[in-house]
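Take a look at this single chain, the form predicted alone, given in structure tokens.
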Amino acid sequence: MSGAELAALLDRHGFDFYTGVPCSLVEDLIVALECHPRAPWIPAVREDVAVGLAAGAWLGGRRPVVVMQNSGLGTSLNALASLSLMYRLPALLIVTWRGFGGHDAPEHLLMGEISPVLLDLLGIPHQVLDHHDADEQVAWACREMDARESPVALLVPPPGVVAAEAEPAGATGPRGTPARAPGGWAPAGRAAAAATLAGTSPVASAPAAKTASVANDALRPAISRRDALAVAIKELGDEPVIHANGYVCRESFAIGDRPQNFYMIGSMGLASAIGLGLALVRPAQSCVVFDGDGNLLMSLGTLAMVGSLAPRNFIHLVFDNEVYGSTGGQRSLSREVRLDRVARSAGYRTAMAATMPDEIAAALRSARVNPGPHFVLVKVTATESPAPRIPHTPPAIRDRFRQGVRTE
């Protein structure tokens, strides 16, 4: 079957959010999805980031598909185990089976041998895609996703299950300059694609605003993370907030629990990806991410995705104490790297640093009323406050958050 036929099949079964990392075995599918009129392909920097995006999209009411090569299963193991499976977040995984039957380049052979075993160990139901039975297999995947509330996988073996269609004379294929159907989008038009996905008209991004920032390189924190969180929380309305795992979650919960808080218990590094997925599918509402420096550094490529897709409703606060607090206070690289400058270079519309309560409050007030994406680096002391673990179960966090988001 062609990539366009598989894309149409996925559409018929209600899938409406597509992300992942490319593989040559499904390049024709990705070309078709890039031209999708309602849910264009969102290129992810890593497979686990794509799993995070899909989680945010599902929380926002979408039915996501994640495309990856089977090597990406290794990259995604923690995200699948401590995010998708722990919170019970459905997604269809389309996994290409490189190394199938022991025939491939050396780097694919071991993963080819163990791919079904990895899915079995995770408890993810899976079938091998057959173009003769593809309609029933996608229907099966939908039934399993809904019944289990979990990811389901279709393994795509070589060769020829998803084959490229013949191209018109003079057209260039995906290995050259991609041919695009009318209305399709090239990489430079990803912000427009995000607007299409959200059901809004693309609007040209304004030049990066010149925001106030502490002038010198050595930012001097004046308050603890808990006190900084309290300032930020006071400025919020009903916006959903994705919380990075660790003490960001626990201190925020102690200050004021609310249904619109999604607390991450595992999956370190994916808060920004979940927030991005949610922001893309819920464009009428601001989406806030409370992140930490260690979390952000673990998935730094997500900054480039935010800058490229330019969601106007995305507000990213990073509470930076320059240490890994929950593991004993080991130093993080943010002592030497100004994360607000990294975000500015990645394409955030505004990026600033704050150390004082009034600066934090002013930054968040501005971000809530002006188009983003916005980045606020909040430098805080390494002081830790006693804070309880989150008492809610992961499915309870999921259910009340999704209900809170969908009723806004």
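In case it trips you up, residue 1 is the first one in the sequence shown, and so on. Just so it is clear, the structure is predicted and the values come from calculations on it, not from any experiment.
There is also a form predicted in complex with a small molecule; it is not shown, and the following applies to it.
S.K.: When the small molecule is placed as it is in the predicted bound form, which of 125-133, 306-314, 289-297, 150-158 ends up with heavy atoms within 4.5 Å of it?
M.R.: Of the stretches listed, the one contacting the partner is 289-297.
S.K.: I need to confirm a contact call. Of I242, V248, A141, L276, which residue comes within 4.5 Å of the small molecule in the predicted bound form, counting heavy atoms only?
M.R.: Looking at the other structure, the residue within range turns out to be V248.
S.K.: Between Q285, N78, Q137, S224, only one gets a heavy atom within 4.5 angstroms of the small molecule in the predicted bound form; which residue is that?
M.R.: In short, N78.
S.K.: Considering only heavy atoms, tell me if F253 and the small molecule come within 4.5 Å of each other in the predicted bound form.
M.R.: Flag for F253 set to no.
S.K.: Using 4.5 Å between non-hydrogen atoms, is S71 touching the small molecule in the predicted bound form?
M.R.: S71: no, not in contact with the small molecule in the predicted bound form.
S.K.: Answer for Q260 alone: is it within 4.5 Å of the small molecule in the predicted bound form, judged on heavy atom distances?
M.R.: Contact check for Q260: no, nothing within 4.5 Å of the small molecule in the predicted bound form.
S.K.: Is there a heavy atom of P90 no more than 4.5 Å from a heavy atom of the small molecule in the predicted bound form?
M.R.: No, no contact at 4.5 Å.
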